[in-house]
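A single chain comes next, written as structure tokens; it is the form predicted alone.
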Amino acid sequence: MIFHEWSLIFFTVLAQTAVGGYLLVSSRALAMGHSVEKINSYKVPMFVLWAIMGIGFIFSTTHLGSPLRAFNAFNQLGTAWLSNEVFFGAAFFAVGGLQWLLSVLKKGGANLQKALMVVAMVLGAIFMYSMVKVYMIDTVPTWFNIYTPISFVMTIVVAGLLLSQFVFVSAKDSRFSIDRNIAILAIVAIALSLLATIGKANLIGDIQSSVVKASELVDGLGSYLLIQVALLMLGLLFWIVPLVNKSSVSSITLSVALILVLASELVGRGLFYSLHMTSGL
């Protein structure tokens, strides 16, 4: 089974999706100079984003030996990337969640909410950078390569883009329209994700220690890769078919596409953890 590290699999994928979605939604709000009324109109669909982030953090706690001692994760803040990841992840959740809460309560005004957006975006970016650095371990050759940051970034981009569009469509943002350019962007993003998957698969075939080949660590590696790609392509189908047919894009079709893309990312992340190996014995 490739889901033996299910806590970390779900945490990393869901956190990256939520951060990617938040960065895109907030960037649009800031670039368009949204009024407080427009920002507040996002409050219902943004609940989905924060629910995804919250579920991700719940999964992360199941990875702890003792949840009551979770505060010890902050002990090496500034010197250990794991402590940095936990701190900046919690800070992003707190600041971004506060901005969302103010929009729900219709408090604070546009300037305060936009300031919180900027702070949350910076914290989210540092959170993602810290997450990448946690896995760049030079004694783990299957992780210590360019495809680890690429695959993490592609999850942020692909799943985050899809989640942000779900927010815009669900909020009935009249100034946002999903057109051919969005379809092209979706295709390009998923194409890059597929290239990263293929590149990582080729690299795995060349990695081995004195004990084992990386390609032998997962039974049915090829089948799992096919499932990952098939789910991703099916998600793309639900994503862009309404655009190609010039039919109405609904939050329902985007939800189905998001579920399929997340399923693909979870399979890929399961393979990532299952391919863990060390250089020596």
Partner chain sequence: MTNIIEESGVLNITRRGFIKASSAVVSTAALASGISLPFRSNPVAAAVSDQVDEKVVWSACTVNCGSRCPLRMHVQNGEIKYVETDNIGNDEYGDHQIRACLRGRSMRRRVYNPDRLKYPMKRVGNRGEGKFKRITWEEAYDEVTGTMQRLIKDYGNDSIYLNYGTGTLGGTVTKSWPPKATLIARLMNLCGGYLNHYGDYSTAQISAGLNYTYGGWAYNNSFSDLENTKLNIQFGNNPAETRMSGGGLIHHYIVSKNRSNAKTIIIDPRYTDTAGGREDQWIPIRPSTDAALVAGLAHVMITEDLVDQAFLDKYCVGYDQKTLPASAPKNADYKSYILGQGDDGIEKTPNWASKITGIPVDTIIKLGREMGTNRPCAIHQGWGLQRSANGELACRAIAMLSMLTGSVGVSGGSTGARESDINIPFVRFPQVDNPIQTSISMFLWTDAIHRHHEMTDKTDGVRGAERLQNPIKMIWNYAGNCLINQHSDINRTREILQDDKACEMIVVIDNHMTSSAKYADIILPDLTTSEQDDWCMDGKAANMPYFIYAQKAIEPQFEAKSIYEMCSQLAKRMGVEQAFTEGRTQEQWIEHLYAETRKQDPSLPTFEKMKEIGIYKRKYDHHYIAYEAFRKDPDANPLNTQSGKIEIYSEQLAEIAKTWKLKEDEVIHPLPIYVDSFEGHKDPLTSKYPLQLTGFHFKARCHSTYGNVAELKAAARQEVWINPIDAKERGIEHGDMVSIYNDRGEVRIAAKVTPRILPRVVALGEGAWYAPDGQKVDHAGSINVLTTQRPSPLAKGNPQHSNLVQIKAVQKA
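Positions refer to the first chain, counted from 1. What you are looking at is a predicted structure, and each value in this text was computed from that prediction instead of being measured.
The next section is about a form of this same protein that is not shown, the form predicted together with its partner chain.
Interface residue remark: Leu77 is counted as part of the site for its partner chain in the predicted complex, having a heavy atom within 4.5 Å. At a distance threshold of 4.5 angstroms between non-hydrogen atoms, Asn145 is in contact with its partner chain in the predicted complex.
Taking the partner from the other structure, its partner chain in the predicted complex has no heavy atom within 4.5 Å of any heavy atom of Leu102. Its partner chain is not shown here, and in the predicted complex it never comes within 4.5 Å of any heavy atom of Leu194. Looking at 180-188, 93-101, 109-117, 136-144, the stretch with residues near its partner chain in the predicted complex, meaning non-hydrogen atoms within 4.5 angstroms, turns out to be 136-144. Ile126 is the sole member of Val157, Ala201, Ile126, Ala171 with a non-hydrogen atom lying within 4.5 angstroms of its partner chain in the predicted complex. With respect to its partner chain in the predicted complex, the three residues Phe88, Gln208 and Ser279 uniformly fall within 4.5 angstroms at the level of their nearest heavy atom.
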